[in-house]
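The structure tokens that follow cover one protein chain in two forms, given apart as structure 1 and structure 2.
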Structure 1
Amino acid sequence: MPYFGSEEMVKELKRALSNPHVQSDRLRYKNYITKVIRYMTQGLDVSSLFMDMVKASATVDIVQKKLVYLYMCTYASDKPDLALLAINTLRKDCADPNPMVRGLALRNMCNFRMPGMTEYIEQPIVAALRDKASYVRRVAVLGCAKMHSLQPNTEIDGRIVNELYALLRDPDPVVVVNCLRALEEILKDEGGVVINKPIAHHLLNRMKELDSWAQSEVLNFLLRYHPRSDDELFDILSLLDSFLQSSHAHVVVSTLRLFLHLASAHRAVQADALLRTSAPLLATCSAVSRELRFAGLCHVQQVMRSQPGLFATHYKRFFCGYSEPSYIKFRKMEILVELVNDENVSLVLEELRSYCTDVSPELAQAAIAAIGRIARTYSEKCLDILTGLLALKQDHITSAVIQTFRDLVWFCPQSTAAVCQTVEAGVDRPQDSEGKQALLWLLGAHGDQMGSAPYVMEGYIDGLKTELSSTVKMELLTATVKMFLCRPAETQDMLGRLLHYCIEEESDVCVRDRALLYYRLLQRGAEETRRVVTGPKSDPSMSVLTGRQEEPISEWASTFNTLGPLAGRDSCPQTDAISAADQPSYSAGEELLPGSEDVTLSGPGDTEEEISLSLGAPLSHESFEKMWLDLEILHRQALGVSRPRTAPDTLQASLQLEKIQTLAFTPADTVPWKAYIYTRSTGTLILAELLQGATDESLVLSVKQQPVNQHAIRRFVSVLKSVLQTLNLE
């Protein structure tokens, strides 16, 4: 209806509104005005009625007034000259004895979005700031902000700003908060409202009177305040203490954020605050409304980044209900994966297994991937479950299981044998392209352990003509070439056929180019090809051994209680599964270049402080060795610290935290002890050797670099030294 015959409709309304009979009958008149608003809501352009609506604003009926004002606010910017006609009525209302009428008129006058409005509203606003009714003051304070947003580029009126600061002491709590809001908007360019000590303390003392929305906002404003002393800090914290248990989830979360921020130097206080908010957070996670539940879960995830153990005993609370929407289920599964420990692993796996047969294929795949994540620690149990799932012979499940296998083998090489056995024993061919890619990658990377691998692959090569996805074709090329390198006799013929087809008949340019690349590579001999094509078969960072790092709270505290945690990762938990298909691209030639995304933006003339280290793409042993032999030692220095007595895993983990990757080290009891490490920084690759002659002797560091950048070396040495010193202290 809103779109057909709309012109007729508007004309009819216009006729009715200007009809004196209608105008004299108050009820009928109001009905027509209501109709206008209704059409406006539906998106009909009723701006041509502006004149008649302005006339209707001269009434004693407040409801009718409100409706007309709503109409005028919407269309004032289209008809500025006509809107000026209404201003007189509004200004008259601003002096009405009834505070409600005064407030209403002022609010709507400020809502008119048109240039030149300022001169009409400034005087009433300033007068209303001193009104005796708080209702009018509330409106006036926000009116200041609206006035500023009308002319954002004009100079800030110091008089109004001062008046607003003074109104922070107003007896009405909403006026106080509105002042903060208005000042924040007006002073945006200067960094927002200033929270000094008297203001901060004043706000803290008024907190209890505020409604929950205002509490939340004030807590956010208080983030800006830095207490002078520890005494003051603890006074503030004890004042805020009761808000950690507020009945409103958003107040709890805001308070927690402020706690974490203020107590950033006091680890114990932070931990205590987290512990005490765990109950309300959990309560939010089982709230009646799903949206709140979702928000709660997202925040629990954030907390778990630093304190993974906090919710471990409550893992059952994260079991999914049957009727919950999928966005909640995805989050719950992510949390469950993090909560697994020796005691609950079998129950959690049991639960996850029941999700694998869920009606929604997306959810089923996520559940399978979750089991895969747990398998990195508890391989055996999970592999049993995954193998069991293959027996269901469901396409989407099979495909997801194979993808999980691929990721598992990559992260956790010790499970390779079991996976190969399962795949060898016969799995259904996955039908979707992701599944095909995963299976092909497994066949290519570990073909030497599967007797039937070449025959499975042959099936794919024979069916190449009907294959649609070019990524599958490329994966097939890579896998076949890899297979050829380890089992040439069985593969040579089919590789020939594959290359012939891809070069001669394939229409996709990418696939053809890839085939040509391999073809030329093979012409240069098998050894050369091997050097380029075979990369590491598992994650060289050994993230499984070092476990998940507990991140410092400061990592996430700044985005806590914003939209960040909710948007964070996509609701699909598979994002960290690496695209193993692209593995061959880490070939020796490219490895010399630093990972482009890790290059921090800084020119050669930058100061030392701005240089940061980064991990970048992992180096293989061979290429490290080659480079180490090729390059000259640029820098040699005795570090003055001995080797930390900690376990080698800890050393590796703490270096990795500082973005230094460990390649290899000799066992702990050998003399001399050596370790090879590397890192990247602003476009350069730093290789280093740590050497300890005899026990308790100082470590000697030798550094090689390509290309040379002395700043980076100095930075690297200082980081390394500090890590070693900290470890020695422990």
Structure 2
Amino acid sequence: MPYFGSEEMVKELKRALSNPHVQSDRLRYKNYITKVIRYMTQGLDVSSLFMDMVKASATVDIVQKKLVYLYMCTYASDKPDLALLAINTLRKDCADPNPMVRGLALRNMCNFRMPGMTEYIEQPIVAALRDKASYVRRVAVLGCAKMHSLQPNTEIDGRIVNELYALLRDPDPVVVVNCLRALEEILKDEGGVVINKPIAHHLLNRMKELDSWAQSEVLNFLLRYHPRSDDELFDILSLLDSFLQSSHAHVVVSTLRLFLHLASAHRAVQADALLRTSAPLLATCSAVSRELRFAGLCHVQQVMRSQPGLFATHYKRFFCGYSEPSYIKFRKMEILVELVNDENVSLVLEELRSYCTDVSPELAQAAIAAIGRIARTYSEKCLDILTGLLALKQDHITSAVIQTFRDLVWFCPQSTAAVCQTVEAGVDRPQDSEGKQALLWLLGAHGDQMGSAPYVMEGYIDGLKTELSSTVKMELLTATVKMFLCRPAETQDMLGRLLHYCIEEESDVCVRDRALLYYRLLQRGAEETRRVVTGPKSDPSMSVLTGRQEEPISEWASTFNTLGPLAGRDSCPQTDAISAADQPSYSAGEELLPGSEDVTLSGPGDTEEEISLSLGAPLSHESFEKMWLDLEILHRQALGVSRPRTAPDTLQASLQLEKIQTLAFTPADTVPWKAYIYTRSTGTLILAELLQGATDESLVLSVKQQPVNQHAIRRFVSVLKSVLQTLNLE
């Protein structure tokens, strides 16, 4: 919307700019031009002054020229015909004796975003590429990229490309970096700029002449070069060595990424580079900028996947500050959980306990979940803290503690008695649905160890009409049926009332169907119901997934110093705990899916040869757990081979050669023995579990997949079986 009186102001300015007396007074003339720019930046339409402003560019005053060029670039698209008339003025300035004027005119002429501009700016750009002034060459190189962007679908001019490659040896370092940027933009569809041996060595030798941002950019381009010998490799690493201790964080991480990339076959070199950059990375985690601090924490967490003990002595650097935003605190708590050991567990738990009373409920619940993860290793110390938190009588804390108890019982069955004693001692009923589900699962799974369990459950049944969450109602149904199977006399009446309400009065179809299922199961008898409803109350073998094994650096090196770590592949502490209530319920008699015993997936006409396995991006332990629990088993069979007696590293390396990633496995003497593996194939992700019990002669393979692709499963089973057979022969 135009300003009131704007037309009169524009007319006044036009009269002033056309007045010969004003034009003869340079200071007064310049003030009017400044006033035009001020009105333009305030949103006033002053495009009608275009020709008067073009005339004002005929001056030796650099400041005035800049103001006029700014005006011309702003309104060139609105006045294309008049802008073409201004081209002659700019082309004339491109031949000015002053290099500042030449560069300024060329830069603004390239900023005219109008069709047909290429024929006017090509000749000045080519001439400026050979200009004696470095400033003009800098502008001309970037002008090549701008000229290409005006007509991106036209054929690439080989002459321009050759000129830019030649300018990579320009004495001005800024021109060199601008050439790389321009070539990358122009050759984008052909894979970008090519870095061969002469170019790579030239760039390495010029590194010290560049500023920090240019160094970072050149280091990223050098990722495309592969040394031809170890001697050349170590010569390059020697040239880069000093940049690992740069005072600029972005240079350090760019150099480290190049180190990890070039030394992929030399693990000792990679480990030494990580050790030397640990101090700069820690300094980044304490940066003034919150964004830089968060990026540093994400990269530290990524490094810890391969070097978990690298920052163990600096765990206090990851204590949360009072004024830090929540996203930084969440990330720091994730790192603290990974750094816990026998020496610092007491201090870390004390710090986390202080976060549990934070004014932010989300942060408090995340701290409680972090304590729960540590409790899988240090159960006694963490249980005392969690029990003490219940005395605070705050609903969000009570809910988080109960959810943590549920997960702790699932992963650490040795904690069951202490948890049941705490719950029976008088835990306040949580008000949110997640807390209610956790408490009901505990009552149903371990109600035989809690004397007051039926009476607590009866309170939920009496208030069923006011319950809004359907998931809570279904959990209540399951828990009541389980309670009935172990304590029928105390539960029979309330179970009858619950089933009657859910079948006759409940409006939610899912709840009603669940109630009908249990009603018909109970008609078949208690033993049949027990076989279907009751399942394992814990799975301690899965606790191996909660620990973080050392991963090869090559699994994450490609995403280092990118947005990958910042995107949060690993979930926050408050969401990474696996809900034990969501674990699949199956009995010991149902080892295989119906009809899937010793199933052979091969069939006529299958084209296994056309399908190959691939590694792809690595999965975190938390992501694997979540998908494993969410997906259904598509295939299960006995492989006919026993567990290899080779060393764990040998098994992992053999599977890696066949593009199968090993996530975790239990120790060799553990019964039952389990291993969790995964791979990718033709756009699908395959998750698998290998299981061998005390009485099993062969491994049992369970496969889950997303999305479903039976050909990929057949190929995976064939490759896996071949690897296991080969290892057993050895």
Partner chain sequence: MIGGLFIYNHKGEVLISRVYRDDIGRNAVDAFRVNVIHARQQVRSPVTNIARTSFFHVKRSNIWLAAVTKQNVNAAMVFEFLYKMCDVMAAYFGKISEENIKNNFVLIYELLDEILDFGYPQNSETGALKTFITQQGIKSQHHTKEEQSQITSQVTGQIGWRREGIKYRRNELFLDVLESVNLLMSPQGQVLSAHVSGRVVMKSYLSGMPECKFGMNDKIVIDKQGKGGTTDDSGKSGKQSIAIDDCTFHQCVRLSKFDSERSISFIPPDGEYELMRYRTTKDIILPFRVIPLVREVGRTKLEVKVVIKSNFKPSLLAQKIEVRIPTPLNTSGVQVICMKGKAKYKASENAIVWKIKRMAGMKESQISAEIELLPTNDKKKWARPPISMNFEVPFAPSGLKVRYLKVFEPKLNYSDHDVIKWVRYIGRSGIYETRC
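Given the structure is predicted, the values throughout are model-derived calculations rather than measurements. Under this definition, the rigid core comprises the largest set of C-alpha atoms superposing within 1.5 Å between the forms. Every residue number counts along structure 1's sequence, beginning with 1.
Matching each structure to its source, the form predicted in complex with its partner chain turns out to be structure 1. Positional change of P644 between structure 1 and structure 2 reaches 2 Å or more at the C-alpha, relative to the superposed core. R524: CA moves 2 Å or more between structure 1 and structure 2 after rigid-core fitting. Relative to the superposed rigid core, H446 undergoes a CA displacement of at least 2 Å between structure 1 and structure 2. In this core superposition, R406 moves its Cα by 2.3 Å between structure 1 and structure 2. On the core-superposed pair, the CA position of K14 changes by 7.5 Å between structure 1 and structure 2.
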